[in-house]
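Have a look below at one chain only, the form predicted alone, in C-alpha cells format.
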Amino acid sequence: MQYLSTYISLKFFLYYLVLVHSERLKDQITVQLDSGKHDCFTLLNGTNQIGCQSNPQGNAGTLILVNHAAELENSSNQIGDIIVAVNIEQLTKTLVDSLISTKSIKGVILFRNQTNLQRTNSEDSSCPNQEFSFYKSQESSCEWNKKGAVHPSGLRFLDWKKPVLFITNETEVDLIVNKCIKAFNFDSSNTSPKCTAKMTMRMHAAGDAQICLRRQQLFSGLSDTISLCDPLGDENIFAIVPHVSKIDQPNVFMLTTRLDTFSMFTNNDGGDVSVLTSLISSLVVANAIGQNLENFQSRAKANNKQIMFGFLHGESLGYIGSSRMVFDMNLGKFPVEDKGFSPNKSAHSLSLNDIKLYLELQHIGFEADLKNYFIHLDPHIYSKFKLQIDQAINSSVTGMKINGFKLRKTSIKSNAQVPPSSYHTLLKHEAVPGFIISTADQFYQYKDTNSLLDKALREDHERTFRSSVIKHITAAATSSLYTILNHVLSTDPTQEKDYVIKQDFIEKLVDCFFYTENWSCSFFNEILNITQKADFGNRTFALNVNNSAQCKTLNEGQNLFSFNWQFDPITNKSYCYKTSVYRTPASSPAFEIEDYDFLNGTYSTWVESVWDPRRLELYVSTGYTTDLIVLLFGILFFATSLLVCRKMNIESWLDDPVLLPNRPEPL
C-alpha cells in the first residue's frame, strides 16, 4: 500500500506536467537562433586539420561580450565555462590567440557593427599560398597581405578546436548582446541568473586528409551513406581563339584570372576584389574580341598565334586549378584527352612550352583616388626574355595611360618576387615569360583579400563606387586588350578600330555582379536561366541544326570544338554555337596519383569535412545558490507528498472499488 501511494503521487504530478504544459519543457526554456548561415567548418590536408568543431553533444557556456584580450582572463576566472561574443572588427592576433588558447572558452560568436565597417579583415595569411610558392627559399620575406591579415597565419588556417560562427541578422545580434549578455551577464556574481549559449557544430572528419579518406574508404563497403570528407574541386574554363588542331602549331598568349576565394565560414559570398573585378576585366576583353571574332581569327591564323583565356579554380588554396592544368599538360591531356580522331578534328595537346607570353590580372581596384597599377616580374625570367616582355609591357602601359591610370614596373632586383598567383605554378615547371598587373606594390592595397567580408562593392548601397570601378575595369581591360593585339596580331593597338571596349557591357556586368541582390539581374537571367553555359564562340552555319538534340550530335567524332545550343538575348533566338571552349577538372593531382605521398607538399591535399546541421541555443541558467534552493524545495515537496499519501485511504482516493477488487477476477 505504501508503494502504491507513492506511485499515485508521482503519476499525478507527471500528468499535471504533461497535460497542462503539453509543450516540450526544453522549448519553453530555450531560444534557438536559426537565421545564421555562416558557420566555421573543418578542412584537412596531408599534415593536419584546421577550422572549428564542437563536441558531439555541443559546447555550452555563459555568454560574455569581449573587446580586448585582457578582458578574457577575469571573465574566465569568475564565471567558468564561457561562450565569447566579439565584434569581428575587433579581432587582432592577440585576441584570436587568446580565444583559441583559453581552455574555459567553449565557443565564439562573431557579429558585426553595421554602422562602423572597417576593412582589415583578410582571413588569409600574411603570405598567401606560402607552402606552394616558387620562392620557398625566400619565404621569410613574403608579406604581401601583411596589412590586411587579421592573423599572420591566417584565420582560415588556424585550428580553433571549438565552434565559431558569424551572425549577420541584426535581430539575433540584438538578442545576444542586449537582451542576453547586457540583461543578465554584466553582474559577475555567481548567485544571479546567467544567459547561457549552447553551440553544436559536429564535424565528421578528424586527423588529416589521408586518415579521413582511408576511414571513408573502409566504411564505404558497409554502407553507401557513410561520408566523412570530400576533396576540394571544381572546373577550370579555357577559351582558345583561334582553335588549335593537331595540324596547327601552337603559339599561345595566355590571359589568366582566378575564379575562387575562401573563408573559414560556410556560404561564403565574398570576392569582390579577390575575384570579381579581375574576372569582369577578362570577360570584357573577350567581349571586345568576340565583337569582331572572324577578323581576329583570320589575322591571328596568319601570324600563327592564339589567345587563350584561362579561368582557374582553387587557386586560393594551393593553386589547385593551375597545378591540375600543368599536370594534364605533362600527360598530354590538355585541354582535352586524345581520343584518336583525325588530326583536323582533334585538339592539339598543349604544353607549357607552347605558352609564349603569360599575363595575369589581380586585385583590380575600385576607389576613385587609386590611380596607380604595378607590373610584377620575376627578375630571372625578365632578364631572359627582356625584349619580348618589354614590348608587351609598353602596350599594357599605353592601355592604362589613355584611361587616366599609371602602370609601372616594380623592383626587378635579383631577390624580387611576383605576388602569390597562378604564375608561380608555371614558373615551378618552365621558364614562361610573363608578368602580373595588380594594384599591389610591395603589399596588397585591399585589406579584405580572401574573406567573407570582401564585399565592399556589394555593400555600396549608395553606389558611391560604381563610376570609379567602371573606370578601373575599363583601364585593366584596355591594357590587357592592347597587349593581346600587339602580341597576337603584331599590330599597333592604338590604331586598331575593330576591337573596342564596350562601356555598356561593363556597366551590365558591374550592375549585375555588384548592385543586384543575389546576381538576379535581367542580363544574367536571360542567359543563365535558359542555357547551361555561356560560351565564347560563333554560331555554326549548319542550316539543318534546328534544336539542341541535333546540336549535341555534332560533338561526336571530334574534340576540337564544343557545340552548344544557346539562347542569344540580342536576337531572342537560340542557336547552335561552335566554340573552342574547354572545361577541365580543377581537382588536385594528389587525388589522381596512385599512392601519392601526402606529406611531400607538391600538390594541394585539402579536403572538406562533412558536418551535421548546426544549432545555437540560448537559455537562462541560475546560479549555484538558486539551484540549491530549488533542490531543497523539491526534496521537501516530495517528502510532504509521501506523508500525505501514506495517511490516505487508497479506496477513497480513487472512489472506484472496481479498480481495486477484493479478490482476483476469473480468467
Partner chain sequence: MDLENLNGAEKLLLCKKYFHLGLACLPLVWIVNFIWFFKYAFKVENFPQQDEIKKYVIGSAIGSIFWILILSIWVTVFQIFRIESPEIMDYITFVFPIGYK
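Positions refer to the first chain, counted from 1. Quick caveat, the model's predicted, so the values are computed rather than measured.
The same protein also has a form predicted in complex with the partner chain, omitted here; what follows describes it.
The partner chain in the predicted complex comes within 4.5 Å of no heavy atom belonging to residue 312. Remark: residue 368 does not count among the residues lining the partner chain in the predicted complex, judged by a heavy atom distance of 4.5 Å or less. Within 4.5 Å of some heavy atom of the partner chain in the predicted complex lies at least one heavy atom of residue 207. By the criterion of a heavy atom within 4.5 Å, residue 605 is excluded from the residues contacting the partner chain in the predicted complex. Interface residue among 406, 428, 214, 345, judged by heavy atoms within 4.5 Å of the partner chain in the predicted complex: 214.
A heavy atom within 4.5 Å of the partner chain in the predicted complex is found for one listed residue only; from 84, 199, 203, 325, this is 203.
Annotated contacts: 33, 183 and 193 are all free of the partner chain in the predicted complex [non-hydrogen atom within 4.5 angstroms].
Looking at 65 to 73, 34 to 42, 51 to 59, 632 to 640, the stretch with residues near the partner chain in the predicted complex, meaning non-hydrogen atoms within 4.5 angstroms, turns out to be 51 to 59.
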